[in-house]
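A lone chain, given as structure tokens: the form predicted on its own.
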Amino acid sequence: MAQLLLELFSEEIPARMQGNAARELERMARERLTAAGLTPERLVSYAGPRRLTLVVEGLPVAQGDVSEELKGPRVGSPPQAIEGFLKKTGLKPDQLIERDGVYYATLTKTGGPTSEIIARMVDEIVRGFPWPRSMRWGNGTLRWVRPLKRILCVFDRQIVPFDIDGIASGDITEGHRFMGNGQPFRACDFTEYREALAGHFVVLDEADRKATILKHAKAACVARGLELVEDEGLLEEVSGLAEWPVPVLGDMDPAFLSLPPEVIRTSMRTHQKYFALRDPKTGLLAPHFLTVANIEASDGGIEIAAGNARVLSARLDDARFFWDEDIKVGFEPWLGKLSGVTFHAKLGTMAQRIERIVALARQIAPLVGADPDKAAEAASLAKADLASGMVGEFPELQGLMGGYYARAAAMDGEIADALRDQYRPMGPSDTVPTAPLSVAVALADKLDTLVGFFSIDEKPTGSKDPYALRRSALGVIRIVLENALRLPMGRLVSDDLWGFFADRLKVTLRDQGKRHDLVDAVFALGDDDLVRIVERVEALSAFLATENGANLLTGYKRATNILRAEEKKSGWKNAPSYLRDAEPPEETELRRALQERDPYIRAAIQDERFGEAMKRLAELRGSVDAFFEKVLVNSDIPEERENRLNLLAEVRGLMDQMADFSLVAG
């Protein structure tokens, strides 16, 4: 078995594209190798600022012969059909195989050298690579994300010869643009390749680059008595910008700390790709930053830090200008501008959206313990900062800046918090608002988005969700559940949208390890209280995890099957059962057990003591088992059969108070 090493070397690949490019390279290679009958033992891809690399282990040096059987026409078919099949297969009549009255042809394809298959594979991958954006350069026809410079392709330590648009394959690559001394080098296998890259100041693996950045960044911070504000998204981005990452700590004017910390961090992150630093004693931002250079400077990074500090100062000067001007302008002029801003062609302007959110916030407020008038006031101001200079520069600060501007205008602190928290949670790791006023505004914002786009039939389809409606629905669910809000969601949204919430809740509970069929079983009751639904699912999950619960489910399904068969066969209708003379003791015992537990179970369900209700249900297990073991339901005596069917219906009806057990798998 042999190894394939492939490197596609180009000008800088945008950091945001590198991860997916590595995955696509791996996928495309695996698909083509498998289609050619070559199954690798291991396949790994790497991506960096200037190269995509693929390593395939355990390939045979030659493809084996492949046999394929083709089904032809039936024996006795018209001559034209048989002649056509012979022409298609290239065989003679005596080479066909007759089986079960049908002609078959066995075609054998002689395997070729693996290197030839690799050459074709690489050509197909390069020409058909799914870059989000690509370019053509020079006089060629090849398209790549940036000009493609070299193709290193060696198999079994030998060059795989081919040419793609004038770029010939070889065993040569190069290291760091500045520190790699400009001398290309050869590599005939992955070990040589990786070691040579490191010797020419290139860290191949993204995970290694990220680890290097964190290690040296934290060490630099400790040396200055500082703490790194970790940012996984930024770390991933800067690891795609530097082949030889070197963290450099710099200083900024402390006067900029008068700006909101989110403004400082966003300016650093968005424009400069800097990490913010904090004082570990106070937890507040420190007047310093950390940048990741792509070179080891002879002066230890002093000039790099100074140059980056000058650029950051210019950026923060702009941010301070926006802050000062926004404070002067205030909310009323911003709100006036929003009447001319379109939210969506079918949903009107931002001003009209604000009116809808105000109405919703007023409706929701008493349900969550907030003051309706104050909720309406907060909702009326919530979108004003969209017209501010700061949010125009940094859209990701919307809402947050509204909260700062409200405090600067000496508004009610609860209203300022509601403006700040209106978009939360922004994702699974974000916190949810907990103050009643903030909850009312946040729910109104998300529900208006969902109701509006569902009303114009702009629903998510497949993986497409251009208006982030799934995120909005999950945000509503998290706010409701984490605040234990008892909201009648069915009255707040349409049936169609309620079904969407049900699907999102299934995803949420599934991620927590809950079974989707249990969610279906509870939703079938028609409840629209998310908190109660989740409590029922949790109780049901715990119930079915016990031996009594699992066995009782079996009894329920057996009873349900019998009842459905009778309903279909004889038109049986449910009626109360009654105590008969000389009935089997197991029948009497089941009736007694039901009569004894029925009021307790119904009361527990009414009081939302679902765990207790399930415990009482589980106590029926022995009586139900004994009934099915000793009692013949389909008695030849009509009255007996009717009464026993009614008794089973009582079992089914009592359990259906908790969930529709017919939807539970098992």
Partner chain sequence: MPALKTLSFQGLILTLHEYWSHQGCVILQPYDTEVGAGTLHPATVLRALGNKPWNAAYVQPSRRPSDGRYGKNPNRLQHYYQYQVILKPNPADMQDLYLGSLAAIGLDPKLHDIRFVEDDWENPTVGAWGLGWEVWCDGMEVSQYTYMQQVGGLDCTPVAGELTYGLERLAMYVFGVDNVYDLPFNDPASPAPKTYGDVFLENERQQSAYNFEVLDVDMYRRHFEDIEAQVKRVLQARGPQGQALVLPAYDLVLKTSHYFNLMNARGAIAVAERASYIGRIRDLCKACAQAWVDQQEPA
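Positions refer to the first chain, counted from 1. We call the rigid core whatever largest set of C-alpha positions still superposes within 1.5 Å between the two forms. Quick caveat: nothing in here was measured; it's all calculated off a predicted structure.
Omitted here: the form predicted together with its partner chain. The next part is about that form.
The chain is drawn here without its partner chain; in the predicted bound form, the stretch among 279-287, 369-377, 427-435, 174-182 whose residues come within 4.5 Å of it by any heavy atom is 174-182.
Interface membership of T114, defined by any non-hydrogen atom within 4.5 Å of its partner chain in the predicted bound form, is ruled out. Under a 4.5 angstroms non-hydrogen atom cutoff, its partner chain in the predicted bound form has F321 among its neighbouring residues.
For S258, no non-hydrogen atom is located within 4.5 Å of its partner chain in the predicted bound form, even though that partner is not displayed. Interface residue remark: V102 is not counted as part of the site for its partner chain in the predicted bound form, having no heavy atom within 4.5 Å.
Taking the partner from elsewhere, no residue among L400, L443 and K464 has a non-hydrogen atom within 4.5 angstroms of its partner chain in the predicted bound form.
Only one of E232, D511, D317, D496 lies close to its partner chain in the predicted bound form, with a heavy atom inside 4.5 Å, and it is D317. Between the options Q95, T342, Q80, T108, the residue in contact with its partner chain in the predicted bound form by a heavy atom within 4.5 angstroms is T342. Residues from 1-38 that approach its partner chain in the predicted bound form with a non-hydrogen atom closer than or equal to 4.5 Å are E11, E12, P14, R16, M17, in the order they occur in the chain. Once the rigid core is used as the reference frame, the Cα position of P333 differs between this form and the one not shown by less than 2 Å. With the core held fixed, F321 shows a CA shift below 2 Å between this form and the one not shown.
If you fit the rigid core between this form and the one not shown, you'll see the Cα of R177 move by 2 angstroms or more.
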